[in-house]
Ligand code: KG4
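Shown below, as structure tokens, is a lone chain in the form predicted alone; questions about how it binds or moves come after it.
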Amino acid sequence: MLCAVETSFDETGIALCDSAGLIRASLLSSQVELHAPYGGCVPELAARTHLSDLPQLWQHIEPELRAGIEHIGVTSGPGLPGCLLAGVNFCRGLAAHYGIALHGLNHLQGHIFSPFMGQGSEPGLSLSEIPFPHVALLVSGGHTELFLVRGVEEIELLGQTQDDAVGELLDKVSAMLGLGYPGGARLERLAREYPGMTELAEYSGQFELPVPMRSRKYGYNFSYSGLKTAVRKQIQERADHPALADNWQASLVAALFSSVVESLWFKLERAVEEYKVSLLTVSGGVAINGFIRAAFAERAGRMGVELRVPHPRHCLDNAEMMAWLLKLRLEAGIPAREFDARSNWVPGEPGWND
């Protein structure tokens, strides 16, 4: 039995899976409502909540399952320092108590391999069944990165956001419109109210928003601060003209999603062509978005490339994907190593797997 603990941000999770990767127990305590009044995650509050939630969740796991644990993995980065330490120290105690090895796991690596997880009684792909190399896009509240994945630890960072992540952009726009936190799902519902927006994120309307970093001179890097500023400008202009059509917010958000989809796909398409891969994956919290899923599936199909995305429950931070990552690492023969919590720990950066 394999056990994994996730506390990188504002979700407290513990999951157990068997050697085939089938989830045998999964417990999650969400802090979204706790942080919503503040418009975002409060690090100190999140860390204290992890400290109280972890032992309570652990007690809800059946004793016979706990007794069968052979390996423990814990998210040791990247993430908020206090949150990471809460999970790492809790797991160090568990490992000492049960006398078993403790593995430090990379949160982003968990997302990268989450598209290969199984669902329910269906097992996921074994390590030998996962096509390498492939291109992986990770889009979440704190991360927007593009990777070339050649193996469990053979991950090359092709590009990353130079400022805001996509999820951060959506949260900030949601705040500008007074829709609350988190913003992604709220904005998607609003965009779907606009008749000039198709399921494939094709927009026709009054707004023209920039598609950031389209030039090849930027390589595979991303940037969303300029797009955020463009949206803010449009919101401020219409705040001074209340007599305008009352559906302008839905139109603006639809234009925003269309721009985001174009900016992401432009990089994906280039990477697929340059590295001649037949598979691309999209993971992270923003991968739940229906426009991204539909548009990417249609475009990947036209290119003759397979697209894999995780089940929506595995897009957000969760311990199940970390247990799955631990299973793949053991299949690859990667042993437990000494580790410390690392708030900045991006796969593919120099020395990331030291």
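The structure presented is a predicted model; accordingly, all values stated were derived computationally and were not measured. The first residue of the sequence shown is number 1, and the count goes up from there.
The same protein also exists as the form predicted together with the ligand; that form is not shown, yet it is the one meant from here on.
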**Study point:** Contact stretch among 296 to 304, 52 to 60, 309 to 317, 36 to 44 - heavy atom within 4.5 Å of the ligand in the predicted bound form
**Key:** 309 to 317
Exercise for review: May I ask you to choose, among Ile112, Ala254, Leu170, Leu146, the residue with a heavy atom within 4.5 Å of the ligand in the predicted bound form?
Suggested key: Leu170
Exercise for review: Identify, from the list Gly159, Gly77, Gly124, Pro182, the residue with a heavy atom within 4.5 Å of the ligand in the predicted bound form.
Suggested key: Pro182
Check your understanding: Given that the partner is absent here, does Pro81 sit within 4.5 Å of the ligand in the predicted bound form, heavy atoms only?
Key -> no
Review point. How about Gly104: is it within 4.5 Å of the ligand in the predicted bound form, going by heavy atoms?
Key: no
Review point. Quick one: does Gly226 come within 4.5 Å of the ligand in the predicted bound form, counting heavy atoms only?
Key: no
Practice item. Flag Leu326 as yes or no: does it have a non-hydrogen atom within 4.5 angstroms of any non-hydrogen atom of the ligand in the predicted bound form? Key: no
Review point. Heavy atom within 4.5 Å of the ligand in the predicted bound form: which residues of 283 to 315 qualify?
Key: Gly284, Gly285, Val286, Ile288, Asn289, Cys315
